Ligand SMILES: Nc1ncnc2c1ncn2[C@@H]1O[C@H](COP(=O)(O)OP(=O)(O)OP(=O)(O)O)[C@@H](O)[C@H]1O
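In C-alpha cells, one chain follows: the form predicted on its own.
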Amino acid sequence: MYIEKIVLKNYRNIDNTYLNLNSNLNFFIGNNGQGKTNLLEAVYLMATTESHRTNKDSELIQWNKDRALVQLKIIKTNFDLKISYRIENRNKLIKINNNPLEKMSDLIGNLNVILFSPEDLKIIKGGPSNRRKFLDLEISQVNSYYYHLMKEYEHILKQKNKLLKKMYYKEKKDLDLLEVWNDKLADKGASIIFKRLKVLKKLKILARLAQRKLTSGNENLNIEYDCNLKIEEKHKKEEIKNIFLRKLKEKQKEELERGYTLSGPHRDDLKLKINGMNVRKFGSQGQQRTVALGLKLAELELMKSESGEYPVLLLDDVFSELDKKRRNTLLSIIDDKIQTLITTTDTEDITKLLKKKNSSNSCLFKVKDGIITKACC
C-alpha cells in the first residue's frame, strides 16, 4: 500500500498543492512552522477521520477560507482507491472513488497509517488513556468492527454514567434499568478486552524483536495488559463477560455513591518493561524514545500480518530525537518495503543520505510558507 498522489487545497497554511510521491522514502525539509506537519496531519486525517492535533475541524481550514479539501490516490495490491475529504463550515463530505460515504467510520481501514512524532513519548510517559488510544487505534485500522465496538461501548458507558448521576440525587434507585446497562456494558466490554488480548499476544513478540534490533540485543521489551478486572489471556469471551458482571455488581454501591462506572476496559492500561524495569517510572529519556519507536515498528509488522500490506509510515521530526545509530537502523528496516513520509529541519544530513541511495527509491521536497516543491527524485 502506498500513496501515489496528494492534493491539498486551503488546508491550514497550504494553499494549493499537488504532489506525486515516491513509493518508498519521501523527505520534507523546511524550518519549523512552514507546513511540514500539516501535510502529515492531512494524511493521518484520511486514515483515522481525526486530526492528531485538534478536535476542531474549523482549525483545518485556511484562514479566511470557507472550505478545505484533501484528496489521495492510494495504490493497493489488488486495486486503487481515490479518497476525497472536504470540510466546509461544520459539514464534512467524504468520497471513495467519487461515491459519498454515509458514515465517517466507513473511511476507517481504506488507508492504514502509523504516525510517529515527538508527542508519542506520551505513550510511554503519559497516563493510561494515551496507551489505550495507541492500542485501540492500532486495532481499529485493521478491524473496522472494533472501531464500531468502541463507539458502542462509549455510548453505553455514557448512558450508564448519566443514569448513575441521576440516581445519585434520588432516594429511589432504578436498579432494574441499571442492570440492563450493566449487561450491555459487560457484553461490549468483554469483546473489547478479548480483542485487545488477542492483538497484544502478537504485538508483544513483535515489540520485543523491534527493541532488540534497536538496541543490538541489549534490551528486552515486555508489554503487560493491566486489566482492572484481572482478566488473563486464557479467558474466553463469555468468561470475561461474567467476570465483568460480577465486578460491576461488587462495585455497585460505590458507583452509586460516586456517580460513575469504576470498572471496564475504559480504565485499563499497558505496562511497558525493559529487562523487568518499568520504563515509564524508571527509564531514561533515551530508553523511553527507543521504546516508543520500537512500539511503532511493531505496529508496522502487526498491520502487515493483519491486513496483508504494510501501512504508510509518517515520521514527524523524529530524526532529531534519535542518535545516528538508531536513525540508520530505522531506515534499514523501512527501506525498499514501506512508504514513509519524513519531515525534518536537518537539510545537510538528509542530503548526504540521499546521495548514498538509489535515487529511484526516494524523493526530496522543500517546504516554505505552505508551499511544497520537489527538489529531487
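Small disclaimer: the values here were computed from a predicted structure and weren't measured. Heads up: residue numbers just count along the shown sequence, starting at 1.
This protein has a second form, the form predicted together with this ligand, left out of what is shown; the following refers to that one.
With the partner removed from view, the residue among E309, D346, D335, D317 that has a non-hydrogen atom within 4.5 Å of this ligand in the predicted bound form turns out to be D317. This ligand is not drawn, but in the predicted bound form it has a heavy atom within 4.5 Å of R53. Shown alone here, T49 lies farther than 4.5 Å from this ligand in the predicted bound form, counting heavy atoms only. Interface residue remark: N24 is not counted as part of the site for this ligand in the predicted bound form, having no heavy atom within 4.5 Å. Under a 4.5 angstroms non-hydrogen atom cutoff, this ligand in the predicted bound form has E59 among its neighbouring residues. Counting a residue when any of its non-hydrogen atoms is within 4.5 Å of this ligand in the predicted bound form, the hits in 11-48 run R12, N13, N31, N32, G33, Q34, G35, K36, T37, N38.
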